[in-house]
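Encoded as structure tokens, the following chain is the form predicted on its own, with no partner shown.
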């Protein structure tokens, strides 16, 4: 069995917040709309069912980590790429050779308190090199180290 990996996944709270995920059927949703090859490759080559997820609210005031989730499925073709009515439609993607992938994400725990981006920046220590605080890092899905995972959980009031 592969070693558990950890991820930070960004969603705009007015599009799909952690509370929305928590209220979803089986607390699970399709993570669709990824249109970045590096993120697609993470989903295809690295992500495994059971990997931990820090659910990050982006483009929010304040931005930060709202909850803990997990990867609930292996990657599979993102159905939105084939739907001309969807904002994520990709006319160059073919059903027999899909270009884009999705995974299912399941809410696991609510943080006792929201951890802001400013707190992540100020914390230092194991968070000093965390991808989300690096200038110019705009990936919507990014790896998180085990030390970063533990530090964020502690900041959010979880054991």
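Positions refer to the first chain, counted from 1. Just so it is clear, the structure is predicted and the values come from calculations on it, not from any experiment.
Form predicted in complex with the DNA: not shown, discussed below.
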Contact at 58, 63 and 121 by the DNA in the predicted complex, all three, heavy atom at most 4.5 Å: yes
Residue 25: touches the DNA in the predicted complex, heavy atom cutoff 4.5 angstroms: no
Interface membership of residue 117, the DNA in the predicted complex, 4.5 Å heavy atom rule: yes
Partner contact for residue 10 in the predicted complex: the DNA, 4.5 angstroms, heavy atom: yes
Partner contact for residue 41 in the predicted complex: the DNA, 4.5 angstroms, heavy atom: no
Option from 65 to 73, 122 to 130, 106 to 114, 50 to 58 whose residues, in the predicted complex, bring a heavy atom within 4.5 Å of the DNA: 50 to 58
Partner contacts for 112 to 139, taking the DNA in the predicted complex and a 4.5 Å heavy atom cut-off: 117, 118, 121, 135, 136, 137, 138, 139
